[in-house]
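Listed next as structure tokens: two forms of one protein chain, kept apart as structure 1 and structure 2.
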Structure 1
């Protein structure tokens, strides 16, 4: 059990927690939420012992094993697999102890005690899961999106984002009683995210996870801790439940506040009126006391809401961009170029809002980086419209910030660099005002960026992008680190943006709310994606299954080196023809005439019409299945407790009925999915 009693936590002059009390029970799955800069990461520092409370009491069982994601970038020649196996600290400890004992044993082979200890250590090693440590580690690595042939590559050979995924895998590898995850989804794509959700759902210990992703939180937590105005409140439910309860609470608080204000006014009137009269003075006195003693209901301080807008672009070229017969990829020293995408023929028009989808490592960022001029095309042409002004936001963008400089210094530098081309000159006052509109006010404009929270940094990068007045926004995972209010502000601003938008994001809510069309990057191609995000989720599951099967084959083949090499080569090959045919959603024909496109569109629409009622039925069946499943779990849990016989009989009857219903629903579900497939053909 973790308990906080009247805890005070500070960071320099900021008071982040002031008298916070809360209890977390063993086995609970807790979502820790709150605005950017509220103090969530700081609270983790308290949990892991790197920071001490400035007041009050904090306690946690001493024997608890803690697992958390190391924040540093790993620098090692170890293979990905070995690195992740190393995350199992229990195994590592036992191995070390064993090595020591073996050494002692070699020196004194006749010592009976050492012999016994050695035997004991071997048993412990087996209990710690030594035999399957490697496959366990590899399942984690593959689950997080790595390819089979990457399992044995050195950690150093991966890019930053991928090394952080290895850190995550290492934390998951560690057997633990308490798992602390600070925004674990930031470096993940949608498919790795879905995998992580299902992994966490099976985790048995106590888990506390910081996240701004509503759907992720809903999937993995059942308790929510909210940091707000230096207080810590506990809600018994996942994120959606928390929102509901909080809305209700706020409404009640508002009513209570209004009522109390009435009462105060009444008392005050009484006091004012009677305090002059000697005969009533005593009564007035007691009212004054009552007023003083009254525990004041706080007024609802609406948290400073935040909104911003992109400036109207100076001009909007049309087309923005056209790409013909292009190949994208990476030029390598002394080696042939690594081709990721071929036959790319696309144009991007004014006002389009494109969501770019694709599984891990298929080339979304390659596409985006090439358009952003970070790298050249390997073949073909990318023609830019006249006056194209790209606003590019990438994950690495946060590294572009200078840790020692303040937001104001960043803006001064930016304004100076753009100064030559810009019409207006900006004074420091303007820049402060501009930063203020992005919620950097007071001391914060002077705070070194290095000490700011993740969300605060991301907000600064966003502000700097808006300042540049782009007409094409190229956003690669822009919502990482941003709290929900800021995400909503971003979604609103993007919806009002007059230029063109290209967005890569694992934030399903954002994709849904701002994109009208989707591109799919996969198997070496860029195609239109005909379908919605639910179709996409299914596509990802299929892809993941395919990857797993490839992995399994590779695993089976490791017995013979040659077979393994073939399998790995197959898994590595990006060319679509080298892979088993899988149901990629309607790849668009390479060249299609206008009529063909119209026909396709018609077809698509008819298909969607046919599918609609089936999908609705499916959704209903799924919802009912979920509800019945939950009830079944509840009843099973109840039956696990000692119960009076009458209740046992009743629960048993209900359980039977539920089982039958679920069976029926599963039948129906299968039938419906079959039908859906038939219409899709």
Structure 2
């Protein structure tokens, strides 16, 4: 178990934990929550050994294997699959040990001890999952939203967000007793998030997760640790249960504090009244001592809440915009346009609150960017209502921010660009005051945005949106870097917003709170989604499975399809003399039932002829698989018995070769069965 006893943790001069004590039992799934800056990541540093306690005692089992998501951006030409397989540290250690032993054995083949070590190493390699390491890694990669054709692409070919997904997959690949996850959902779409929840619910070890996603925490945790005012409090239950218990605790504390204050006032009144009277001096002195001995109940020091509101729009056109027969996508230099969505016919009306749903890569951001005028439609028309004023929150905040500029400089530019509409707040003092309402106070207003945290950048984008008084809000993953309190403030502000809202988010609590209807972006179309978010989660799991199966089948059938197409073309090619241009064909005469039966029989015969060589190869593969499987069982049985070192080493090598051969035969068997199905279609 993990134990903290009176632990003190500091960052520079700031005390983050002061006398914190808590126990985390093996197998518990813990949510670590608290305001930004409270010390959550610092506590993680204590858990992973990169930081030591400044006071008190911290302990965890030495033999525990730790897994966590590396925060650095991976830079490697390794394929995605190899990079994730490398996350299995136990397998990597055994592979290296085996390579060293094989080298030693080659130099000293008669050494009994090396032979025994080699035998143990082969057994450990099998136990560590050498035979299915690649499929396990690829299942993780596909679950996190990658496509089958991307499994063998270099890590460096992916964007930053996708590389961080690979870091997450690499951490999940590692066999661990303790799994530390710091904001694992930040780079995930809703489909990948649902998959991750399912995976973590099956994880057998101890898990500690930092997240600002309430529904994610509810789904994967059963204990909550709350950092507040340098203390660490444990609550049994998920995040929703924690909120209930904490609210009750705060209410009881406030009541106890008020009751004690009444008692203190009563004692003090007696002391003040009678301390000068000799006849009452003894009683007054006893009350002074009672007051000194009293253990004071602390007042409820609620952390400052953040709140804001959108101003009433100057006007609200209706409809906001209309999209007719449109195609959306993007154009890359020197390449043809990439069409993502076609046949888009949509209207956005005043007051609508639309949640935009869709699996990863289906075009949600493309839709939002086109409406936000960041991209042009490839075809069709997008007609805006008169006076449409869009407030756009980009998925990457820096898309609309200047890293070298300060919040104040951003606001000065914005006020100047808006011109007359912002005269009411045109002075620097007004702008400072406005930024202060978004928690940018003091010197922070002049700090370069590039040095700020993700949450601070997100708050600045929100501030700039509020200033513009939009009547249409386009929000693309606005909560990625917001803590729970700021997410709550955003939900409240959006519910009070009088304009129209279009929201892309993997935060299901926010979607449930503010959206009245949903659009589904998928398979190149934008349609209405009839159902709630629970229905959508079921749809996502089914759709992700369907997409993976389709991609897998397509990948396996590529070679078969090419060969079949070539053979079919050769068989169907007309004779040379018949290849001259011919007049327009006359309508084909009707085929009699007898002729149809003859044609069907001829087709069956041709199909059987095409299938014969494939069936022969399939039979050979099945026979060899059976023989290799039998031999593997015999060798495994031999290795369970006492053997000479040289024989053990030889058997281990043969077992390794058989495993590789069987894996290849299984791939061949799958390929041949796919070919057989294709020729029988």
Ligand SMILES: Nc1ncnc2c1ncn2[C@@H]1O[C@H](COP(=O)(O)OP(=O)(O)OP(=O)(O)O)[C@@H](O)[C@H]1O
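Given the structure is predicted, the values throughout are model-derived calculations rather than measurements. Residue numbers count along the first chain shown, from 1. Throughout, rigid core stands for the largest set of C-alpha atoms superposing within 1.5 Å between the two forms.
Note: the form predicted alone is the second of the two, structure 2. When the rigid core is held fixed, the Cα atom of residue 661 travels 2 angstroms or more between the two structures. With the core held fixed, residue 500 shows a CA shift of 2 Å or greater between the two structures. Core-superposed comparison between the two structures: the C-alpha position of residue 330 differs by no less than 2 Å. Fit the two forms on the rigid core and the C-alpha of residue 520 turns out 3.9 Å off between the two structures. Comparing between the two structures on a rigid core frame, one finds that residue 651 has its C-alpha moved by 51.5 Å.
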